[in-house]
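Only one chain is included here, represented as structure tokens and corresponding to the form predicted alone.
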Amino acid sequence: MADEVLRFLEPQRGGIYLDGTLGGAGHARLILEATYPDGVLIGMDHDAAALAAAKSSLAVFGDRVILRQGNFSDMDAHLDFLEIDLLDGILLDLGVSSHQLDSAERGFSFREEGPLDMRMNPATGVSAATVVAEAEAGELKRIFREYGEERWAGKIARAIVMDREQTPFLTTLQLADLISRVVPASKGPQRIHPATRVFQALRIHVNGELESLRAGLDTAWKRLKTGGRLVVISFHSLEDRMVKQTFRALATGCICPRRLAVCACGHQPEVRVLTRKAVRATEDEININPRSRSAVLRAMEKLPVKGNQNV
């Protein structure tokens, strides 16, 4: 959604922007080109491999690029370290990158044989294999249902617990094959692979993605200058719901009870929502990049607040 990102982020010359989910650095490159010759881009990713690839591909932009390893939920600490107070814009392109999906050794894909890992940063945290090996059936059911909205969560969880007593789940295809056997066959053609929701749920759980998003949204708008913009691309209904609700809460003015004829709270909206309806990928883009089919973009702009001297 390159065109949509640039349209809502509105990158300007001399601005300072943060791409909190750098990934393949495609959006970062567009922002740097749009802010030529003196715009600065801070690129964050907790995947060391992604940062290394971005360092090479963005080298042409010289010192206009600052790369930091970490989760965007920790942007406060990184910006403080860089002695940067406020930003002109922030982009969060959530989910897993195409490179991660296509790298079998990372364990994100249910179509390729690889270790059952799924960590964005393989150096930290607990792998999906450990979760599948140690979590009780009730906990697995909760993960699959809460994060994957999987209809057959309980049945899949019980099957995993039963089968792992004989053979531990160490690879992606082991788990994908079990799910395919357990989930009842669809009467019509299946739009997605039976393992899609479970793999998504495990990835979200392993990486604490919803917790990171909640913390990142709370920090991001505070780090914007007045007039600064936040653009978020989600690929999951739970993520999009959180973004939508956060934007709506920040854009709310008076919160007095309706029975009061005159506002007594003095509460002011802190942002202006730029996307009245969610923006989705065009058919042309979907044809080029099928993974964009589930992409949902929302954007907001920080408003001046009485007593706020941010410029």
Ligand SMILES: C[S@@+](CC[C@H](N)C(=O)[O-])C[C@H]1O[C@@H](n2cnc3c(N)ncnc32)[C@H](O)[C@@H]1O
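In case it trips you up, residue 1 is the first one in the sequence shown, and so on. The structure displayed is predicted, hence computed values, not measured ones.
Only in words, not in the display: the form predicted together with this ligand, which the text now covers.
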Exercise. Which among 255-263, 42-50, 55-63, 279-287 is in contact with this ligand in the model of the complex, heavy atoms within 4.5 angstroms?
Worked result: 42-50
For this session: Would you kindly say which of G95, P194, G148, G228 lies with a heavy atom within 4.5 Å of this ligand in the model of the complex?
Result: G95
For this session: Could you confirm whether L22 comes within 4.5 Å of this ligand in the model of the complex, counting heavy atoms only?
Result: yes
Exercise. So in the model of the complex, does F144 come within 4.5 Å of this ligand, heavy atom to heavy atom?
Worked result: no
For this session: With heavy atoms only and a cut-off of 4.5 Å, decide whether G26 touches this ligand in the model of the complex.
Result: yes
Problem set entry | P269, heavy atom within 4.5 angstroms of this ligand in the model of the complex | no
